[in-house]
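One chain follows as structure tokens, the form predicted alone.
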Amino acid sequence: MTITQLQYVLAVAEHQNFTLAAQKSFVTQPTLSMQIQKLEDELEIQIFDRSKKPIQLTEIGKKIVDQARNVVNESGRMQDIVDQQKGFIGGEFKLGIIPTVMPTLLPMFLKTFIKKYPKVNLKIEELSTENIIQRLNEGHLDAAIAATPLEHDHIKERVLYYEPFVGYTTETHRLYEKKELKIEDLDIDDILLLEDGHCFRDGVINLCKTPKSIEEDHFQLESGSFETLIKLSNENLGMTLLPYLHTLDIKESEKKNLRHFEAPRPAREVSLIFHKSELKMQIIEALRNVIMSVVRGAITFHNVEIISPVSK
């Protein structure tokens, strides 16, 4: 039994196809198949049911894959130990970021991080929270930035910052004349929401604490981006709520439409998350320190440090 054989097993388990797994593993399909067959012969079991399309794991195969993932992860820990001993911060690091955070956060910290840690090869993907959790569990991401708490047993969370909610309303809206908003001012019926699947949407709905279902038959507009929500609000179709960092980049002519909440301000918790077995802790800590210094500085500078988290 070799680490390489276990890596091939994990590749087939993920892609459910020998040819695709071989391509992703940068070997020929016969080589990959032969090595998996050798492992099955050695263990005297069948890991994959090849009669099904796509290929499925057998019951014992599922247990083998779980153990193989642990063994492969632990094998990488030796190099991680050496890197930490040497104080080396470098190598490939795969980071996922949710869509409602990526456009504003990434430009704030990326240049600083690259300059400070030039030996780290960052690979960044925009992913939903659901996909992030799956990829962390499968070992395809080293860490991610997401709204928390997530409360997953195998996922660790390190808080980066609390980002306040900010109201956006135009002159025809009932709340336009208010200098500061209260949570009880909100009505789900006249709030423009992100599409289903965005955790920021869930935070807004929780904030409204409405007893009504938003599926009731009434006028409701939803969008996949904050930019679209702002444009819809400018057309007097309702107000919306924005994450604070997003408001720093809106047009000067639109800033008059922003309304902060009375203290303690509702906010979402944004954290750096990673699997409990993650190896590259020196990079995770470096990334966390850079982001915290940049973002918290921006939030504190704008006098919005007094906040209260909103549960997802």
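Because the structure is a prediction, the values reported are computed rather than measured. The first residue of the sequence shown is number 1, and the count goes up from there.
Just so it is clear, the following notes concern the form predicted together with the DNA, a form of the same protein that is not shown.
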Contact segment among 240-248, 269-277, 282-290, 33-41, judged by heavy atoms lying within 4.5 Å of the DNA in the predicted complex: 33-41
Is L57 a contact residue for the DNA in the predicted complex, using a 4.5 Å heavy atom cut-off? no
Close approach of V27 to the DNA in the predicted complex, 4.5 Å, heavy atom: yes
Answer for Q7 alone: is it within 4.5 Å of the DNA in the predicted complex, judged on heavy atom distances? no
I'd like to know if K255 sits close to the DNA in the predicted complex, meaning any non-hydrogen atom pair within 4.5 angstroms. no
Taking the DNA in the predicted complex and a 4.5 Å non-hydrogen atom cutoff, the residues of 144-174 making contact are none
